[in-house]
Every structure is written in structure tokens, then in C-alpha cells.
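Let's start with one chain on its own, the form predicted on its own, as C-alpha cells.
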Amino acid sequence: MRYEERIKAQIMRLLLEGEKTFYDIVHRQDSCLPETFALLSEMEKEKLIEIDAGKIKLTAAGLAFCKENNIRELGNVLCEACEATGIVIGGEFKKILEEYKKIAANRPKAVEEYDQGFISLEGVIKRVAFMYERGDIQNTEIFVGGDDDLLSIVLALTGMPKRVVAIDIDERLIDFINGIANERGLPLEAFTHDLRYEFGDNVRKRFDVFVTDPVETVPGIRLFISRCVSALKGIGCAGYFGLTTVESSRKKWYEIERMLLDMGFVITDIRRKFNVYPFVEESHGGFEETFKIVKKLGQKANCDWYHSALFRIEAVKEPKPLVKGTAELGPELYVDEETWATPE
């Protein structure tokens, strides 16, 4: 089955449940925003769906199409207990979540300038729990490249890493992280850094594990991953990052996977829809109206629709960053033809 036919079947199966908004649909199928928008427009022209006041539903012709093509809705098949992540927050992680909630309540608000946005509180705990299960936080030195999520704080709260170092371009985040670290005596430090510039000897080849959430352009991902790779000690070290299907097509995933191979890494895990970005005022919701998709639809989100997959990669060769020296990047760092949920 061709890619477009599979996506169309996914969408029509969802609509068999009842009418949906664009945002209800986009996070439950596999195409990126421009592809989803174009496909729904085509389906409307074919009179398979009807769109009225932002609501999408099947027409009589659409229902007939489903019957003819054996498209049926058979009920939820994903684990509800773990929200399909494979991770349940239990044991010590429940206590850490409660501490993290108190800390995060006073976090700096996300700003449009740096394309900031943080994942859910529970999502951060699940990410750290996954890293724990994979054996990547016990007695390790961990580098966090950009920390909107305050993940460095949660890592330090476990009491398991030797040390955690976070960098970010936003001085507000750095001051906040260092303040918490000093107040609680955590093995954690943070400093400001613009990833367009190389790290000094205090970062290069000093860490066992990195975590980052790159911007979703090819130049941006190449830069973010390269800088984080340069922080790793060598073979056997691991990295974690998030990547969506919302702003990254299959072609972009292909380019990214080639980069990883060229840098000496193998993908050991991909957890689909592992991270959820809540559309609240403090996160993306504060500047949602600047997104291309919102402008095209004339409609803001009605659900938490922006999800990303969690990748774990591991060095099987000496890590080889593809970007060295200063990166002369402007708007193309943040925006391309697929980034419809990024401030323009």
C-alpha cells in the first residue's frame, strides 16, 4: 500500500469514531503537518469528508469508501496504563515527580525567540525512568543540551549520576537551574551557551550520556546532535533526543538517520509518541498564533496534539560530529517547509 493510501486509511478510521478537529487527527496518524493538510484538502474535494467550523466528519460517500475498502475501527489497541510509552511512573519516581512538580511551578515561561516549549511533567519523569531502565544514569556524567524541560534537575534528584551539566541559550533557565542546584546541594551545574559555537575543553569528550531536543530542521538537527556528540567520551556512550512526525517527514527522518550513522551511532530504541507537549500558556500555547498551521486553519489547538518520539542512540565507532567550528546559521536553523508548528 502506498504511503498516501495508508495515511488516508488511518484518518478515515479515526473519523469512523465521530467528528474530529484537525488537531484530534494529526497526532493519531503518521504524516507531517503539510502532508496532513494537503491530504485532508484532497479528501474534501473528493467529497469523502466534510469540514465545517473546524469540525471534520465523513460524508455518505466517505462511509461508502470505508465499506468498500474494508476500513474499520476496531477499538483502542494501545496501553492506557502507560499511555503507550511502555513506562509507568512507580517506586521512587513517584516521589521525584512530586518534588519536580513543586520546582517546575516556578519555572520561567517559554519564549518565542528560542522556539521554546516543554514536555509534560510526567513525560520528563518517564524519560528519566527510561534512561534509568537502560542503565544510563547510574554513576554517569550526563550532558543536557538545552533544557526547557528542566530534565537536568530531575536527573540530579535521582541521586544516581556522578554529575549533570546543562547548557542553554536562555540565561533565565540557567539561573533557575543553578538556583535549585545550590538550594538542594545537587551534583548539577548549568551555564549559558549558543550551540552555533563550539564547546571548550570543559565540555568536549567529558560525558557518558547526552540528552537534547533539537529544533526540527535538517541544519538545526545536524548542529544540535553534532555539538552533543562532541561532548561524549567515546565508543559505548549514548544519546537521547526527541523527533516528531508532525514537523518531520519520512524524507527528513531518512536524512537524520544517515547523519547518525555517519557520526558513528546505531539507533537502539525509538519510542513513538513518548513525549507530549502540553499546549498551555506557559509552554507553546503562549505563542501558538504564530504557527503556520494555526494561521492556515484559523483555529487554535483543542488538545495536546504535539508529540515526539524518543530516540536512544549508542556510539559503535569513535563519535564524529559533522559540524565543527562556528555554524553560520540564521532563520534556517529554526524554520523550513515542514516546520508548521514553529514560530515564524
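Since we're looking at a predicted model, the values are computed, not measured. When you see a residue number, it is the position in the sequence shown, counting from 1.
There is also a form predicted together with a further copy of the same chain; it is not shown, and the following applies to it.
Taking the partner from elsewhere, residue 21 is found to have every heavy atom lying beyond 4.5 Å of a further copy of the same chain in the model of the complex. At least one heavy atom of residue 30 is located within 4.5 Å of a further copy of the same chain in the model of the complex.
Looking at residue 266, you'd find a heavy atom of it within 4.5 angstroms of a further copy of the same chain in the model of the complex. In the model of the complex, residue 170 stays away from a further copy of the same chain, with no heavy atom inside 4.5 Å. Partner proximity in the model of the complex, defined as non-hydrogen atoms within 4.5 angstroms of a further copy of the same chain, places exactly one of 88 to 96, 213 to 221, 143 to 151, 102 to 110 at the interface: 88 to 96. Of the candidates 120, 226, 158, 178, 158 is the one whose heavy atoms come within 4.5 Å of a further copy of the same chain in the model of the complex; the others do not. The contact with a further copy of the same chain in the model of the complex, taken as any heavy atom within 4.5 Å, belongs to 9 out of 335, 25, 9, 327. Along 244 to 271, residues 250, 251, 253, 254, 257, 258, 261, 262, 264, 265, 266, 267, 268, 269, 270, 271 each place a heavy atom within 4.5 Å of a further copy of the same chain in the model of the complex.
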